[in-house]
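To begin, one chain is listed below as C-alpha cells, in the form predicted on its own.
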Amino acid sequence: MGVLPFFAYTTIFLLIPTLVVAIGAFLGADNTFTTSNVRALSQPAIVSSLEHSVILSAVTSVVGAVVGGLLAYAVTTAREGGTLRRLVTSLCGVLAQFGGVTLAFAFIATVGLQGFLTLRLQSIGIDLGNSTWLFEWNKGLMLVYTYFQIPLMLIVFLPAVEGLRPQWREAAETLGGSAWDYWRRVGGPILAPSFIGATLLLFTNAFSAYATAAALVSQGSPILPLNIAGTFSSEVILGQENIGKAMALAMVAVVAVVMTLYALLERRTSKWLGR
C-alpha cells in the first residue's frame, strides 16, 4: 500500500501521456491506423530540428559536466560542513531549478538588445553587436542551457566525488604513485561511470527543455520541442497534431535509451562506492 501513491502518480503523469502520444503517432485525421506520421519524421525541417536538439543537448551537457565536475571536486576540498561548502551547494540547488521563462527574462534583461550589461558596455565603447545572438539556438540557447546544466552537474556528481576515500589516495602515495597516477589508476576509473551517467542525465535535461527556448526563440522552430509545440499551436500549420505526437514519440525513444544507459552506469557506480 505504501507504493500506491507512487504508482498512481506515474500512471497519471507518465504512463497515460506516453500511451496517448504512442497511440496518436499511428492515427490519421480520421482516427484510422497509419504510419504516415512516423514517415513524416524524415521531412528536412523535422530532421534539422532533431539534429539541432541533439547538438544543443550534447554540447551543453559536455560543457556542464566538465565545469560542474571540476566545481564539485573543488567543493569537496572545502571544510565539510563549512560555510563555503554549504553556500555553494545551496546556491547550485537553487540555480539548477532556475529555468524556464524566468531564466530567459534574466538573460534578456542582462545581455539582450536593451539589456543592462549591453547598455553599460556600449556606454564605454564596447559593442556586443546587434545582440540577436541571444535568440539563436547555437549561441544564446547554448549559453542559457549551460547556465543551469553546471549547477545540476554539481548536485548530481558531488556524492560520487565525496565517496572517494582518503585511504585510497594515501595508499597510492605510499606505493610511490604521483597525483597523476592516482587519478589515472584509482580516482578516474571509479568516478568515470558516475561522470558519464551524470552527463547523460544532463543530455536528457537539455533535450527535453522547452520553456526557456520558447521564451527566447519566437521565430521558427530550430529545435524539436518547439517544432512539436508548433504542430499544436500554429495558426498556419493545421492538422499536424499527430505528426507532433510522432515527434514526441521519437523524443521518448531517445530519452528512454539515454536513461537506460544512465541506470546501468548508476548501478555500477553504486557497486564501486559500496565497497
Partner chain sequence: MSLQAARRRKQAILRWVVVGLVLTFFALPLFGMLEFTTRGAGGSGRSLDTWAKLVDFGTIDANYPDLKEGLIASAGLAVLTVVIMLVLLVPTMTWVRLRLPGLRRTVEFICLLPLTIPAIVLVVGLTPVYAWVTYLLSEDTIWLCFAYVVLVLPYAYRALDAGLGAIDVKTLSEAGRSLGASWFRIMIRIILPNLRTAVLSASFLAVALVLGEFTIANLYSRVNLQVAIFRLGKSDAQVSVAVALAALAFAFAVLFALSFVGVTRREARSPFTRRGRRRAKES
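Being a predicted model, the structure only gives us computed values, none of them experimental. The term rigid core refers to the most C-alpha atoms you can superpose between the two forms while keeping them within 1.5 Å. Residue numbers count along the first chain shown, from 1.
The same protein also has a form predicted together with its partner chain, omitted here; what follows describes it.
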Taking T18, P159 and S208 together, does each of them reach its partner chain in the predicted bound form with some heavy atom inside 4.5 Å?
yes
Non-hydrogen atom contact V67 with its partner chain in the predicted bound form at 4.5 angstroms
yes
Check W133 for me: does it contact its partner chain in the predicted bound form (non-hydrogen atoms, 4.5 angstroms)?
no
Would R86 show up as a contact with its partner chain in the predicted bound form if we use heavy atoms at 4.5 Å?
yes
So, E173 and its partner chain: in the predicted bound form, are they within 4.5 Å at any heavy atom pair?
yes
Core-superposed comparison between the shown form and the other one, T11 Cα displacement 2 Å or beyond
yes
